[in-house]
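The chain below stands alone and is given as structure tokens, in the form predicted alone.
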Amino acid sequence: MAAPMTLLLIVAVTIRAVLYRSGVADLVSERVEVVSPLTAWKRVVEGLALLDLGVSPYSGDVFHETPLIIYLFHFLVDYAEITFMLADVITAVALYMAVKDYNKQVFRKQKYALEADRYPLDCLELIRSPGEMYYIPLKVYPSCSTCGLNNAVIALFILSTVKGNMLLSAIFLSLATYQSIYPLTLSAAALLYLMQVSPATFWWFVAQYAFMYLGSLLVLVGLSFFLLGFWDYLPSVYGFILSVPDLTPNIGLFWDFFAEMFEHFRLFFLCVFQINVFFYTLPLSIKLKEHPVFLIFMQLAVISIFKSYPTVGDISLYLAFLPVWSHLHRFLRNIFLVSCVLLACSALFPVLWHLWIYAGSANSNFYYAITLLFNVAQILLVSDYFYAFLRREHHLSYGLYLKRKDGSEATLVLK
């Protein structure tokens, strides 16, 4: 590992430890932007208390994490802070190693294309240099939340996929799906990437990966039943994610909409909202079949925007990929506006929450309005990067300065 990366990890862990000891963690852990009914550490502690009393942690409506999480912290509850810091370190190191390997492959393919004269002469300025491929992820997250563990598992899945290890990729993807249903959509990107380095035929390869994935998932589900002795956790974890019964305010799109929804329309709109996470997988996979790592970035962004209980921890995972696409900055159209909106929303979240809950001079519509604006800004950000990526690929194929048949300058439009 590079010395700057090691130094930054030490600095990040130190800052996190100082913030945790200073009491900032207690303040942050109460914020609805940071924790959700699924990932809140206080709910895990309550589930552990019920388990110690011999009561099922899923008997009430408090604990909604998976059985493996509660049994993990049954032994590590006194070392929770170290566990969460270690999860953040694993996430950073895994992303660093994955992006490092990915950049090596990109540089190798780019070198072969240059030697074969596949690029038009006027687009050589778009070629990435090794200096542009340097990447260091850094995240300081002072709150204890199981979202950090989920991010670590997804980061290990990305690393295994980029390394070309089919078995580990399937295992970590099954673990991520076991924790939260939504990472299932990442399977398409994993298959597309691993197919590039596998000599097997398409259907045989899909069958192999599906067998490993489903086998790992069945082992996790069976182990959960073995630990608990009952299946109560299935509706309490996965039914909770899909049916969204807890309408605690968060930075997602579900809570206020379904608080105002008539009960006989609830199932229909619930299906409409939930299908968004899965609906974009096929068209994005078709469009980005040659670029599965960018597809992973897009899918992570879609999950963080449209999942039922999102937190800033989910958003931080896909934002950690933005430095990887630094070569796209010249093609971004709305980056300044979107950045300002995201920063403004981040500042207004606690302000409007205080006005609503404590001052009583606002209502839920104020907070939901800023939530909508925040998610619209995320959609614009991801769409802008998607446009920039496709435009750069188009220029690498057809030249940087496009001309019409009559010789006038052409304008590239994304449709």
Partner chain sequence: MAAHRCSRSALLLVLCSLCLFSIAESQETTPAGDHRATGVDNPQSVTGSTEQMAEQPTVVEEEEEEEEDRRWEATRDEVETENTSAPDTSAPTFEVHSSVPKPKDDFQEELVIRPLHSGDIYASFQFRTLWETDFTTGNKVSHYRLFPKSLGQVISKFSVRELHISFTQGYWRTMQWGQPFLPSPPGAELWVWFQDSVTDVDETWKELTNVLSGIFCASLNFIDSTNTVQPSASFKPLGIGNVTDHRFLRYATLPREIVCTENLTPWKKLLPCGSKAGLAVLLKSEKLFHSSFHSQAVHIRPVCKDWQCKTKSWELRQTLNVVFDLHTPGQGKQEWSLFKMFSRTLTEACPLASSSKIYVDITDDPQGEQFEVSPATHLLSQAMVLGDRRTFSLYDLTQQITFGTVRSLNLHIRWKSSEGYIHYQPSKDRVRPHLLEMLVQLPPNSVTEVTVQFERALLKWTEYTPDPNHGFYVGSSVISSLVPSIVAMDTNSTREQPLFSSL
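Residue numbers count along the first chain shown, from 1. Predicted, not measured: the structure shown is a model, and the values here were computed from it.
There is another form of this protein, the form predicted together with its partner chain, and it is not shown here; the text below is about that form.
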Against its partner chain in the predicted complex, would R43 count as a contact residue? Criterion: heavy atoms within 4.5 Å. yes
Please tell me whether any heavy atom belonging to L50 falls inside 4.5 Å of a heavy atom of its partner chain, as the geometry stands in the predicted complex. yes
According to a 4.5 angstroms non-hydrogen atom cut-off, is R266 in contact with its partner chain in the predicted complex? yes
Please tell me whether any heavy atom belonging to S59 falls inside 4.5 Å of a heavy atom of its partner chain, as the geometry stands in the predicted complex. yes
One residue of I241, A344, M261, L319 in contact with its partner chain, assessed in the predicted complex (non-hydrogen atom, 4.5 angstroms): M261
Heavy atoms within 4.5 Å of its partner chain in the predicted complex: which of the stretches 285-293, 167-175, 252-260, 336-344 has them? 252-260
Checked 349-363 against its partner chain in the predicted complex; residues with a heavy atom within 4.5 Å, sequence order, are W356, I357
